[in-house]
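Take a look at this one chain, the form predicted alone, written out in structure tokens.
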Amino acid sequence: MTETAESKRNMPMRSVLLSGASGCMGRQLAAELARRKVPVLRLVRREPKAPEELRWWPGADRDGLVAAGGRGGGWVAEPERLEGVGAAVHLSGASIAGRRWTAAWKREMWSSRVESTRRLSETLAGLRQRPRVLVCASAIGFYGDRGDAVLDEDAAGGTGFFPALCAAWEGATQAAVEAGIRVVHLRLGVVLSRADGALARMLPVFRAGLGGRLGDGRQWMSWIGEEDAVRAFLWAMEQETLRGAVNAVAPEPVTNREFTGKLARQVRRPAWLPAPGFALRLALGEMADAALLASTRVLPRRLEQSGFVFQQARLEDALRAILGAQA
């Protein structure tokens, strides 16, 4: 990460509690915190393998939890180890894109986000020394399919499963809010990363010269570079003025047609093979409309008003920084 006056500051916190540390965003955030010499306590769902790991059971019911070894039915194995952490970042959740939304998978998405957030918030609220801030990942899926409408944090939520999931996900922090913990919901757009996510899945197809727009390509894509996404989480932890919903997207959303065209130019291949909407719906069902074909034109009003400066505000700059010589 580029060294700036912002990154040279010492984090005003003792340590950070992190869920979802094994995911792409979690790994990048943990690495940056380590670079800043901020201790990280990772919540893991398996048996801990290191002193800085703490087991929890975010998706278990209470009977299953006790059977699995949870102490006294609690969601965290050793809740006393949470006392005094300076901040908490919650990134856990089952994959939204990349697979069909069956009834079983929708229940998993709901449980892994809403229930885990509620349990973590209640646990933090019950501590004697609570963290001063809880930063939770959310998604711009909150707004739903809105055509060409320009959306900031004051826009109403959309309709359908995905907006309802996002609204419940954010609402699940109520216990933390009532306990006086500052809560920030970072509504992430499409996070551009070479290692994971939408861009990582698209790259092999585009490098083979088989890429193209999704549907008619007119739907808006609100995106953010991985580096700026990590910086946004750190910024939300540091800035006392930020609370509630905060859009974590670059200030220049693009249509899918623009995105695929610029990606094709970056990898020096044509983008001549579109994926028709009907084919995406046939292959992926409801997920295609909610995550691939929905038009969501979002601006980061609160993030910019708080003084955050994007290092990759333009899509060309982000693709060049992310892909570099790998293109």
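Numbering starts at 1 and follows the sequence shown. Note that this is a predicted model, so its numbers are computed, not measured.
What comes next is about the form predicted together with a small molecule, which does not appear here.
- Although the partner is absent here, Arg45 sits close enough that one of its heavy atoms falls within 4.5 Å of the small molecule in the predicted bound form.
- Looking at Ser121, you'd find every heavy atom of it more than 4.5 angstroms from the small molecule in the predicted bound form.
- Among heavy atoms of Gly26, some come within 4.5 Å of the small molecule in the predicted bound form.
- Residue contact with the small molecule in the predicted bound form: Val230 places no heavy atom within 4.5 Å of it.
- Think of it this way: in the predicted bound form, the small molecule has a heavy atom of just one of Met237, Val183, Val249, Ala139 within 4.5 Å, and the residue is Ala139.
- A single residue from the set Gly225, Gly93, Pro131, Pro253 has any heavy atom within 4.5 angstroms of the small molecule in the predicted bound form; that residue is Gly93.
- Three-residue candidate spot Trp75, Ala88 and Ala179; no residue lies within 4.5 angstroms of the small molecule in the predicted bound form by any non-hydrogen atom.
- Considering the small molecule in the predicted bound form, the lone stretch of 121-129, 209-217, 183-191, 143-151 in range is 183-191 [heavy atom distance within 4.5 Å].
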